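Let's start with one chain on its own, the form predicted on its own, as structure tokens.
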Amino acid sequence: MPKVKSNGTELKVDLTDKEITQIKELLNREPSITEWGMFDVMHSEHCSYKSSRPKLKFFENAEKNYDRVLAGPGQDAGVIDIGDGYCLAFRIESHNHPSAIEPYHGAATGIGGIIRDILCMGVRPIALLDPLRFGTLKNNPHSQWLLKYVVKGIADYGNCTGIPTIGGEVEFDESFESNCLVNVACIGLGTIEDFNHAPSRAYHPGDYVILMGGSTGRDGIHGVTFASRTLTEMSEADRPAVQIGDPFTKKMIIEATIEAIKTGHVRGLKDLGGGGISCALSELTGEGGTGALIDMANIFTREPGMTSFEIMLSESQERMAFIVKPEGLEDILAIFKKFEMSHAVIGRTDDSGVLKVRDGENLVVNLPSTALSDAPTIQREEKSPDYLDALHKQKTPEPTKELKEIMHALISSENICSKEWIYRQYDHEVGVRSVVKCGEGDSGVLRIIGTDKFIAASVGTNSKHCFLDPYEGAKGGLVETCGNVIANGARPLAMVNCCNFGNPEKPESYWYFSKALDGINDFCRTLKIPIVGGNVSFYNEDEVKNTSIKPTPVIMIVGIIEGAENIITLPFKKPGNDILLIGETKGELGGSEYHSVIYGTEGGVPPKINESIIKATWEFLLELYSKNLVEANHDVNKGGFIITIAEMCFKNKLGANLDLTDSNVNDLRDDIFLFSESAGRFVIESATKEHDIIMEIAQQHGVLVRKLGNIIPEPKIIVRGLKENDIFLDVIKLKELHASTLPDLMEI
């Protein structure tokens, strides 16, 4: 790491030599040590997106091209108009590096940060989701420890704030051994009027700058530069870069902030997350087109003797910065007093275009307002990894186990087994909004109180598919996540993403990132799904082992369901009803759980995405819903459609009598047919009497539908019509295997 000096003090920085030279030329002087620290955090990858911005700029302008988008990329959260005077804000971010070092506080403060982003849009946070990635758990105490305390951190923080965690996903893979991924998402709900009251960042000279919330301490210093390096570059000395959260303070911050915004006196609002006061003030003044004079003596600190460097770079949690109209100052301060929130007027804006921070008689910061927020970009090289050709040529071996034995192994595998051990630690029903309980639907469903309108939300992607083909894998993540909300009865309305990748300085890692974004962009343009925000997390790799995480562009989708009667759930309902498979099953086992669990391989060709077929399938299902022809729906995901059917049997202890004679339209081998992970498929339950009308609608949409069999009252699955022997599966046995994996592994 380069070193800089100021008045005899030396500082290691993550800036490049070129950036150091440019900063000196911009200021025409040597920056103070505090200014060097501010440049260091604001020009870090985590804050400035200097590697990712060149690719992100190619996303569509969502606010310009979609009427329902109220706020798009670049805002604290995406916001969409969902009708009837309501708007929905949502965002997803990563807290990977802190969680890998200190899983409890790292995960908890990730939740705290995402809640503050939603607050900045003027709406109330109402739900959380948590897509996670860890190394394999079996015989791995380290991964077990990370999972245990990440889940506990999320649970404790979310439960204490009264915000339910309504969904998420977990993948286990050796590539996440050293770098777990802790992505957190939040949904906020409000009226259009609430959003219109949200700060505009159109400030005026003389506005007051107010700091509200927790005190400033030494925790979290260099948190963003810490997140802009690989973990193997770090040491125990980096542990203080992990912040400590306080969910009880956060609860009061939520109430105080919402009430303050409703007064109309708040012109600007920024949470103090990554980069702390440096980030908040530089972005508020830089984007607001103003300057400001800040008096450091008014910043309330937790520890004595803190230097200006420590105060400006601290990432202590539970803090918000407000820009307030002069005439509204007393009203805003009265609200903060009412909620017993610590607060201080720390300065005022001016028309200088310069951010100045005074520490006693010393002017320790004197920078153009845009100098920190307008960081340089870097054009990275990209190169396809040499190993992919060999991986793509791998074939599915001939099975050496009986299909029943394979089914037992898959249903109990870490990536397919029940995640109840995790979600039972979350209070996912607090707040009386949750409608579909975890495990009973493919997405979380929330009621909008006082209406007959419901929000469906899901997060996910398949890292193994993205590893083999980031372009198709990223599109597949969209298919899967959109499919989750569709399976519950909603139409996908908008998306945000959290892109987790390795070191962007390595051409192979940047190639994965670049191709994944191309896939997201192409799919969303074709399917008319606006991209309203996102987050990028780089440097998720272990340089000692020379390994990187599998590329993980996590997708978050929100949709709306009109009417309680249109909510579809996962479990089979009634014996005698038909079981239908929607979509074509191809020999697509690259990156499948079948390959991984049974053969220990990860090669092959992953599923390809045909957007026209995907769109037709969605429209077909939505038409079935409009005619009340679907009793249950579950998208086909990891393990293939036979796993999907088993999961639909569990809750009501029903069974399935299947005859697959006419369903294997591509004449696949039995194991390939059963365990293929072709994207965009669904298994639905419908009344037998509706079969002909469903097939007629399918023909109109050009969608392949095959009847697989019927639901039976006995808890068993009978599979006939295969090329080899029939299969007889005990649903109770499958359910026990499915439910016991995580509890057994997490006895630590």
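None of these values were measured; they are calculated from a predicted model. Sequential numbering from 1, following the sequence displayed.
Unshown form predicted together with a small molecule; subsequent notes refer to it.
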Residue 441 within 4.5 Å of the small molecule in the predicted complex, heavy atoms
yes
Examine residue 634 and determine whether its closest non-hydrogen atom to the small molecule in the predicted complex is within 4.5 angstroms.
yes
Report whether the minimum heavy atom distance between residue 132 and the small molecule in the predicted complex is within 4.5 Å.
yes
Find out whether any non-hydrogen atom of residue 484 is located within 4.5 angstroms of the small molecule in the predicted complex, and reply yes or no.
yes
Just to be sure I understand the contacts: of 677, 93, 480, 207, which is the one whose heavy atoms reach within 4.5 angstroms of the small molecule in the predicted complex?
480
Which one, 125, 167, 110, 607, lies within 4.5 Å of the small molecule in the predicted complex by heavy atoms?
167
575-583, 368-376, 400-408, 417-425: which one contacts the small molecule in the predicted complex at 4.5 Å, heavy atom to heavy atom?
417-425
